[in-house]
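Listed next as C-alpha cells is one chain, alone, in the form predicted alone.
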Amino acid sequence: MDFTDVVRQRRMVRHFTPQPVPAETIDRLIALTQHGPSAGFSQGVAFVVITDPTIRKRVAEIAGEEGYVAGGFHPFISEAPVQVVICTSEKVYRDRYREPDKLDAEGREIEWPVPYWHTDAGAALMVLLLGATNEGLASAFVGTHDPPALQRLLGIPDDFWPIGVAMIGHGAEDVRSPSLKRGRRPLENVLHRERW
C-alpha cells in the first residue's frame, strides 16, 4: 500500500470482529516498530502482547472500557483479539547516556530537556498503528489512568512504564468519535515557516 494511503486510512477503530490475528503478523508488526527512532539507539521501548480473553478483559477494565461503553461505544478494548501494551523505560535511556560516547564534555550525563523515552514510545506506537493499517487490519489506542495496575497485572518491571494499550484486529462497523466533528485544523494554522 502507498504510504500516503496508509496514513490517510489509519484511524482509531472502536469495534472489532472476533476473527483472530495470526501471531506471525503481530511479530512482524512489533519487529517493524524497532525501526522507529530511538535516542542514542537506546531502544528503551518494549511491548506486552495479550491475546488471552480473560487478561484482555482485565486490561480493558484498567483502561476504562466501562466509560467508553457508557459513552455509546462498543466494548472495543476487550473485544479486540490483540492488545499491545506499549512500555518505555527512562532507566534504559539514562543508562545509555551514561556510557562514554554519550557523556558531555565534562564527562556527565546530558541534561534531558524533554523525556525522549516518551517521544520514542509515541513513535513506536505510530509505527505499530500504521503497520496494522498496511496489513489490512484495524487498530486503536487508549491510555490508562492506572499504569501501576497494568504493571502488576502483566508483571511489567518497575523500570518500565506502560503508556497505554493498542488494540489490533479486524474492524467492524463502529461508532465514530464525536470529536471528529471538529475537523482537521487548516494547514496554515499548524504550518509555520522560519518563525511562528
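Numbering starts at 1 and follows the sequence shown. In this text the structure is predicted, and so the values were computed from the model without any measurement.
There is also a form predicted in complex with a small molecule; it is not shown, and the following applies to it.
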{"property": "Touches the small molecule in the predicted complex: residue 180 (any heavy atom, 4.5 Å)", "result": "yes"}
{"property": "In the predicted complex, residue 76 touching the small molecule (heavy atom, 4.5 Å)", "result": "yes"}
{"property": "The small molecule contact in the predicted complex: residue 47, any heavy atom under 4.5 Å", "result": "no"}
{"property": "Contact test in the predicted complex: residue 160 vs the small molecule, heavy atoms, 4.5 Å", "result": "no"}
{"property": "Interface residue in the predicted complex among 148, 143, 53, 136, criterion: non-hydrogen atom within 4.5 angstroms of the small molecule", "result": "143"}
{"property": "Location of the small molecule contact in the predicted complex, chosen stretch of 98-106, 111-119, 68-76, 82-90 [non-hydrogen atom, 4.5 Å]", "result": "68-76"}
